[in-house]
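Given next, in structure tokens, is a single chain: the form predicted alone.
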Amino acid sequence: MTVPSLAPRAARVIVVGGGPAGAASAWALASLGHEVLILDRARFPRDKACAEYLSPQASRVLHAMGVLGDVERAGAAQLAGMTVRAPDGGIIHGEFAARHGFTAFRDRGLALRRRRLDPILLDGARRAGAQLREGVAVHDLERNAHGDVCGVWVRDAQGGAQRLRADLVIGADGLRSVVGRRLGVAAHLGWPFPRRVAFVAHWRGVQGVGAHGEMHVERDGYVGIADVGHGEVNVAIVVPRGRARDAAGDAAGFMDRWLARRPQLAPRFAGAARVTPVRATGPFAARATRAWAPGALLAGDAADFFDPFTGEGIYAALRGGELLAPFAADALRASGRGARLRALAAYDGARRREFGGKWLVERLIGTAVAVPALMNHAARTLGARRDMADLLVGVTGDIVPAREVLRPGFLLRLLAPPLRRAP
């Protein structure tokens, strides 16, 4: 195919990826008056391997986007807190709305299948003025004489190639971001952080699922279970990458066998039916070396995703998209290349200030999950100290600042022998 030497500009901003990070980025920039085009290789609605949990504070961003009511009317389940079972059977139970003195926009989390959530978020972006092109796969970046990103190369469903120019490209295309790889900033965290893979499906008829998300930690991985509305339950099994090889060619059988080996879970699934295919995603523990490059920014999982245990993905994607908008706008207004680069580079510092404490908490929790003895000890301590459990669950729900559980006093109490219960 012959490509013109100079393609017309498609938009001032091209957002690659129409998930929560892409929709929030597009909404925020379109709300500021910028011309935005979202590109996604999928056609919506579509399913996505995801825990599908939105922390209580995510409702603030949904409200700002004008879609909170739409999400609730779509049948989102409401989650009051989290229950975590350690390998030895110890239980940690925490509530989002507790006596820790912190409040969020809402005191409950939400959970909704991505095939219902993502179109609602994209509608919010389009109402703000963004445009969407579905079925278009970005496979490379266009660069100018300085090497700065100035557009993308795409393939449509018929395999045709096209160059689309833009003043700024935002990579919101997930864990295996094409934009991040082409920028040369995609990376994975090494030892001691474990690389894990998730297997996700939806079930009906699982017994005992209530208003709390569940995490069952085992010696060979963990499983998250949560109501996502409409009588469906999200089941996500997360295992070390080496164990994921056991699922090769038979992900459904792997999930069935894994659940059947857990005495506390097998009876709850005995009469249940899986209603969607088992989808795999990972490995996790990915983080871009930086979330910007000349002419480009990264948001959501394309910038950072450590592990699904704390359910941070959707909130971080929504908040990250909202966060980048003023820095992107500064870069678009800048009159010289140096000023544009300074505006983009400032976004990385803002991300560290916004998410740095949560990144540390996620890594501490991820380490505990990987070491059964440590997880069992934490469960004994937090099982006896409901105030501490509520505080930690509040951090994972984006209600309590991360600094509250990173204080030396909290960590010392967590590591000390648990309190004895009164007879």
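One-based numbering along the sequence shown. Bear in mind that the values here come from a model prediction, so they are computed numbers and not experimental data.
As for the form predicted in complex with a small molecule, it is not shown, yet the points below apply to it.
- For the options A186, C150, A198, V206, the residue carrying a heavy atom within 4.5 angstroms of the small molecule in the model of the complex is A198.
- With the partner omitted here, the residue from A130, L297, A76, I314 that has a non-hydrogen atom within 4.5 angstroms of the small molecule in the model of the complex is I314.
- Against the small molecule in the model of the complex, the set V84, R108 and L391 makes no contact: no member has a heavy atom within 4.5 Å.
- Shown alone here, F305 lies within 4.5 Å of the small molecule in the model of the complex, counting heavy atoms only.
- Contact annotation for V138: at least one heavy atom lies within 4.5 Å of the small molecule in the model of the complex.
- The small molecule in the model of the complex is not approached by I14, whose heavy atoms all lie more than 4.5 angstroms from it.
- For F44, a non-hydrogen atom is located within 4.5 Å of the small molecule in the model of the complex, even though that partner is not displayed.
- The stretch in contact with the small molecule in the model of the complex, judged by heavy atoms within 4.5 Å, is 46-54, chosen from 63-71, 383-391, 46-54, 28-36.
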